[in-house]
Ligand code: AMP
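In the block that follows, a single chain appears as structure tokens, in the form predicted alone.
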Amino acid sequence: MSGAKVLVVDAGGRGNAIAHAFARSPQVEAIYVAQGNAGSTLMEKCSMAAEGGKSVKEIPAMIAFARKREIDLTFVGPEGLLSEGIVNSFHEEDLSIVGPQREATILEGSKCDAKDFLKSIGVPVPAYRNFSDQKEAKEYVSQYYGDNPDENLVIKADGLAAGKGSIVCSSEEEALSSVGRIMVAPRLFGKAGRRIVVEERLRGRELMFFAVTDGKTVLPLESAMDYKRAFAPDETVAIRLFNKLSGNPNLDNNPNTGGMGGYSPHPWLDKELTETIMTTIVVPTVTRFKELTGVNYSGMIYFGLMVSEEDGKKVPRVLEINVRLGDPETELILPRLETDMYDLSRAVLDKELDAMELEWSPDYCMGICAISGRVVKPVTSGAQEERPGYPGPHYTNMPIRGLDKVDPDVLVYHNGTALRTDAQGKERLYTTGGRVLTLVGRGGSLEQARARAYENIKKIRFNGIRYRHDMGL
């Protein structure tokens, strides 16, 4: 019996989770993962997209691979390739692909332009100013703190920064330093920091809200409680050491990451708040974007929100938009999806999302990201170089042990791994990134899922391994 062939474009844990969701569909025969990692070869029905023994990584090569292997559907994970126009390129070749066109990725590709768009259509956002000149930005920062001594700011790089382009400030000194560190030196986020958003720091609770759209219909997805800060609040010694090694003058700043893990379902996203977010934020963004630009937004979308209590009501405001699924949220949400992933993707492509009713498992999924933490390593001069670890500079190429001891019902999605041959000629698993693995435990309650995750993450070892111990409490 032959079935559908799917190409998943992603290099990380999100791609592992997307491939795993497609693998559960009885309609799908084979999943190929372009870019991929070691985990892409360890799941049922899945293999790396490769030609001539080399991984397929560039858009033209992906198009050639899709044609040669007669791929029925391609699903794109990362924002970078979406911004480069992979969807447009596939459309030009009459190939089916899920994701927004290049013209729509401006909603994530430029925080400055996205904020201006949202403000223009009446979607609630924090007070903000955009800057391309660091002197003007610093003058505004000093003026803001002079006028608002009890408030604070968030400094954001305009462009794509792998989810780490925001610095939440706690003082004027830190805000001024952040402007310089993003725009001048050491240019923390590269060219993404040529422009910045200086934004009012809101009080409330952060929420990542996910949805899927075919351009006509918008459906909310399940969400996850995500832990963005690198350390637990009580890890004061580790936080101060990280900042000292990173050159941040605010030694007490707990840095943002792309995500350290979390759990799903979300603990306080109820039906009423979901309806408020859909009617005031999500649907207006999708529909008005088409009205104002002529571009039909299709695919996944998620909103970083701050939800504040005002006059007894929950008021959500948009901090940022992402034109894709999140990482690690995808690893927490998609294992709970009971609707066929292939059917859902085809409904998006065929503009038949209005006929879909999404079904979700009531189980909890708890995910823990094992990251490349602080390591002191000898260098060739005989000295030792200490790196603070993710989300700062970190070492890679560390051998990973213990995955064979993880319980079979516990999911392990690979964020940054590769299979290599060691000095003895044996194939082994090595770290290749800041986030290395996301381990997901499942249970009928959060407590059960949390226990499964934490008892199994202890079985995994690599030099510098670190993870938060407080998630789900």
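Note that the structure is predicted; figures quoted are calculated from it, not measured. So that there is no doubt, residue numbering starts at 1 and follows the sequence shown.
Heads up, the form predicted in complex with adenosine monophosphate isn't pictured, but that's what we're talking about next.
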Item to check | Residues 222, 225 and 363 all lining adenosine monophosphate in the model of the complex, heavy atom within 4.5 Å | outcome: no
Checklist entry - Of the listed stretches (292 to 300, 346 to 354, 148 to 156, 130 to 138), which one has a non-hydrogen atom within 4.5 Å of adenosine monophosphate in the model of the complex? => result 148 to 156
Checklist entry - Pick from 206, 93, 116, 272: which residue has any heavy atom within 4.5 angstroms of adenosine monophosphate in the model of the complex? => result 206
Item to check | Position in contact with adenosine monophosphate when the complex is considered in the model of the complex, options 337, 278, 202, 245, heavy atoms within 4.5 Å | outcome: 202
Checklist entry - Taking heavy atoms only, is residue 124 within 4.5 angstroms of adenosine monophosphate in the model of the complex? => result no
Checklist entry - in the model of the complex, does residue 254 have a heavy atom within 4.5 Å of adenosine monophosphate? => result no
Checklist entry - So, in the model of the complex, is residue 174 in contact with adenosine monophosphate at a 4.5 angstroms heavy atom limit? => result no
Checklist entry - With a 4.5 Å heavy atom cut-off, would you call residue 168 a contact of adenosine monophosphate in the model of the complex? => result yes
Checklist entry - Quick one: which residues from 103 to 122 get a non-hydrogen atom within 4.5 Å of adenosine monophosphate in the model of the complex? => result 111
